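Only one chain comes next, encoded as structure tokens, the form predicted alone.
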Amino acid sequence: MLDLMAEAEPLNPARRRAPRADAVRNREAIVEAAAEVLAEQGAAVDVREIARRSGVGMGTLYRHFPKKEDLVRTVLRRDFSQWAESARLAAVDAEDPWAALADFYQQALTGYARHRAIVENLALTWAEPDLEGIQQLRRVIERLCARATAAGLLRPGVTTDDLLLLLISLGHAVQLTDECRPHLWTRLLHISLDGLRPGHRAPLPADPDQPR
């Protein structure tokens, strides 16, 4: 009889039980705690600290995220997207193309100063251009670059890759200086932006990876 019932009522994936409310809350608590700790300490953080801050046991943490890399990836994907979108919105508000570019760097680097793991991750993912986060950021910079170039506000030869690598480099400067000398990085930002001005007419070195 049981076999007949099983055949008559095949398992419907849509009828699978939804996650329990406490499981959802635990997962959210873990992600929020991980975001806080990753921002403070970077990706080398001990998962025991994440479990402690989230108020769950290690068993619960591993049920939701069997590997530390799974948790780090989840948090960074969310935080990176929020950070890139915040920087984009700050740039969009500026009508002047140069102000848009400068505001983007200011907003992005301020975000860097608050999130150590983001700058670590961005540098590591440079070699993986298909990664969702880096592609999102590249699209923002590409639009800013095209807008400033069309207005004649960038020195000849500056590319999207130049601007993206500049952001990564300045991000490392933020991490090196922000704790001991807060906002010292703003000086380097001004110097760098000045180097992008069209008044600098000297040809830029060729990119060795680009065909001639």
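One rule holds for the numbers: they count along the sequence shown, beginning at 1. Because the structure is predicted, anything quoted here is derived from the model rather than measured.
The next section is about a form of this same protein that is not shown, the form predicted together with the DNA.
- Proximity to the DNA in the model of the complex, taken as a non-hydrogen atom within 4.5 angstroms, holds for one residue of Val45, Ala148, Leu164, Leu170, which is Val45.
- This chain is displayed alone, yet in the model of the complex one of Gln175, Thr160, Thr60, Thr186 has a heavy atom within 4.5 Å of the DNA; that residue is Thr60.
- The DNA in the model of the complex is not approached by Arg155, whose heavy atoms all lie more than 4.5 angstroms from it.
- Although the partner is absent here, Lys67 is a contact residue: one of its heavy atoms lies within 4.5 angstroms of the DNA in the model of the complex.
- Interface residue remark: Ala23 is counted as part of the site for the DNA in the model of the complex, having a heavy atom within 4.5 Å.
- Shown alone here, Ala29 lies farther than 4.5 Å from the DNA in the model of the complex, counting heavy atoms only.
- Between 140-148, 178-186, 31-39, 47-55, the stretch whose residues reach within 4.5 angstroms of the DNA in the model of the complex through a non-hydrogen atom is 47-55.
- Along 158-182, a non-hydrogen atom within 4.5 Å of the DNA in the model of the complex is carried by no residue at all.
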